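First comes one chain, alone, set out as structure tokens in the form predicted on its own.
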């Protein structure tokens, strides 16, 4: 049986950064890169009071495929956890983690992983603006 090199989760639970780091890190790794996507209080000049993330029923499968592709292309262990539901400013929406023997490859792989997640995982967000309106993004 082959050891898994990928962890992917879509959940309304807050991402468990420590568990993701523990999953990807081995004694051979000299670098662990963690990306945390955090809900900010603004977007394109508008004040944001929170986000509502919604996922396709197969979103976790898409996320796992994306992680597997990055792992296969880089030979590295990767992990990602995307939160769904109502999130407030300051909440963590996405954690992506990659470990590698050296920092350059860890940074490059983590950047690629986050970009691919945003491109290929069917998760959409509705921004709740301070003025009382909302708008869907990523549809």
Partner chain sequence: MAEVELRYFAAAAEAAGRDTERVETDAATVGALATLVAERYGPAMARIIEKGSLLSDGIVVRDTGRPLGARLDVLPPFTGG
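Residue numbers count along the first chain shown, from 1. Since we're looking at a predicted model, the values are computed, not measured.
Below: the form predicted together with the partner chain, not depicted.
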Check your understanding: Using a 4.5 Å heavy atom cut-off, which stretch among 26 to 34, 48 to 56, 72 to 80, 100 to 108 contacts the partner chain in the model of the complex?
Key -> 48 to 56
**Study point:** Close approach of residue 94 to the partner chain in the model of the complex, 4.5 Å, heavy atom
**Key:** yes
Practice item. Spell out, yes or no, whether the shortest heavy atom distance between residue 9 and the partner chain in the model of the complex is within 4.5 Å. Key: no
Check your understanding: Any chance residue 42 has a heavy atom within 4.5 Å of the partner chain in the model of the complex?
Key -> no
Review point. If you check in the model of the complex, is residue 131 within 4.5 Å of the partner chain, heavy atoms only?
Key: no
Point to revise | Those residues of 103 to 134 which, in the model of the complex, come within 4.5 Å of the partner chain by heavy atom | key: 118, 119, 120, 121, 122, 123, 124, 125, 126
